[in-house]
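Next up: just one chain, as structure tokens, the form predicted on its own.
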């Protein structure tokens, strides 16, 4: 069989394994190993799989993943999100839809220490939804907002998605973190504007709450200050080269732990839970990377990425049209496979195409992250919607109706970033030329 035929059969096998319920990382390893055995031989395939799995799980560079996950998990169980939400409520609670906008503001600040999208969604489902319900907010608005703002962790540093992309593509994680800041803030603003417009059209969705005095507002600010200090410590040290990514993750985790201990917001049971959750999430991500590494070696043998690049180049389409096609593939794939897993699977295929067109890999990392953000709340595999449903007991259909208005703003920001790459690349060019 030709390499193209083998590639097609392996991709078909991959989707059969997905349909049978095999975990994505294991499915990629099985499919990639099988394809490699067909192209070379069985002994070479088994040897390649053993080496890839060992090299991934023993790699010092991948320790950055559990450390940044741990940083976010400690912050999630340690009450930092609750304090940030309280501060946002003091400033915005009296505006129609203000509690929901306060949730956006608090989640944006919380993303400075938490790179996990489901963790943020679960945290604010616990903190914000009961408060919004107490003030008569419609469940569509409250749960849809919480599910959507959780996606900010995909783009605003320290983002696990950007870390994994950087590792896969050998792109500077510091530059990726800087590149994600402005687009992340743009999307957060789009969330707030969507909420404001929705509540202006239907005030019953988000009634105004009590107006807080300036004394209460000022007293609520210290948590924001400490989160800003942590963000500048971790991202600033990484940006200046004072820390490696792994050192930044370890220092950030330690600093968040010290902050929660000083505030007496964490106990031994909560700390143990954050460790176990971090271990579970990190193991899942690293298993995905191991499976993708095996699949990547199969792609090298068949030269599938290069053939895809040649085929797209032969179509003589404008670069923007090619990028839109790639975005559609990511959205469709992420609708049926967990979005981080599909990103790991698809990026090695499409990155050569993007580089061939002259685009910057840092910019492409931001585009992939924004597409992943949309995929996290796009049916049918909208993980954040299921997380919020599990925490609040709200039907998933109700949450979807609260998510849909935000998708238009996210799609608009994605189009702007596609048309104007310099928006993403400005901060890296200034601070890490």
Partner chain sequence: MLALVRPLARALHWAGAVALASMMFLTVADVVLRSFRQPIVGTYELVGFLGALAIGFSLPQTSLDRGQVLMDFLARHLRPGPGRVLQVLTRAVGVGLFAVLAWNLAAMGFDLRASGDVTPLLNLPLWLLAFAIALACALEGLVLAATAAVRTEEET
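Residue numbers count along the first chain shown, from 1. In this text, all values refer to a predicted model and were calculated from it rather than measured experimentally.
Omitted here: the form predicted in complex with its partner chain. The next part is about that form.
S.K.: Looking at 311, 242, 225, 214, which is the one with a non-hydrogen atom within 4.5 Å of its partner chain in the model of the complex?
M.R.: By the 4.5 Å heavy-atom cutoff, the listed residue in contact is 242.
S.K.: Quick one: from 196, 271, 359, 135, grab the residue that has a heavy atom within 4.5 Å of its partner chain in the model of the complex.
M.R.: In short, 271.
S.K.: All three of 30, 253 and 280 touching its partner chain in the model of the complex at 4.5 Å, heavy atom to heavy atom?
M.R.: Verified in the model of the complex; spot residues all in contact, yes.
S.K.: With a cut-off of 4.5 Å between heavy atoms, is residue 246 one of the residues that contacts its partner chain in the model of the complex?
M.R.: It does: once its partner chain is placed as it appears in the model of the complex, residue 246 has a heavy atom within 4.5 Å of it.
S.K.: Does residue 58 reach its partner chain in the model of the complex, with heavy atoms at most 4.5 Å apart?
M.R.: Yes, residue 58 is a contact residue.
S.K.: Contact with its partner chain in the model of the complex for residue 367, defined as at least one heavy atom pair within 4.5 Å: yes or no?
M.R.: Residue-level check for residue 367: no, no contact with its partner chain.
S.K.: Hey, in the model of the complex, does residue 331 get a heavy atom within 4.5 angstroms of its partner chain?
M.R.: Judged by the heavy-atom cut-off of 4.5 Å, residue 331 is well away from its partner chain in the model of the complex.
S.K.: Hey, of 282-290, 200-208, 141-149, 163-171, which bit sits against its partner chain in the model of the complex at 4.5 Å between non-hydrogen atoms?
M.R.: Checking each option against the 4.5 Å cut-off leaves 282-290.
S.K.: Using a 4.5 Å heavy atom cutoff, which residues in 56-73 contact its partner chain in the model of the complex? It's fine if the answer is none.
M.R.: 57, 58, 60, 63, 66, 67, 70 sit within 4.5 Å of the partner.
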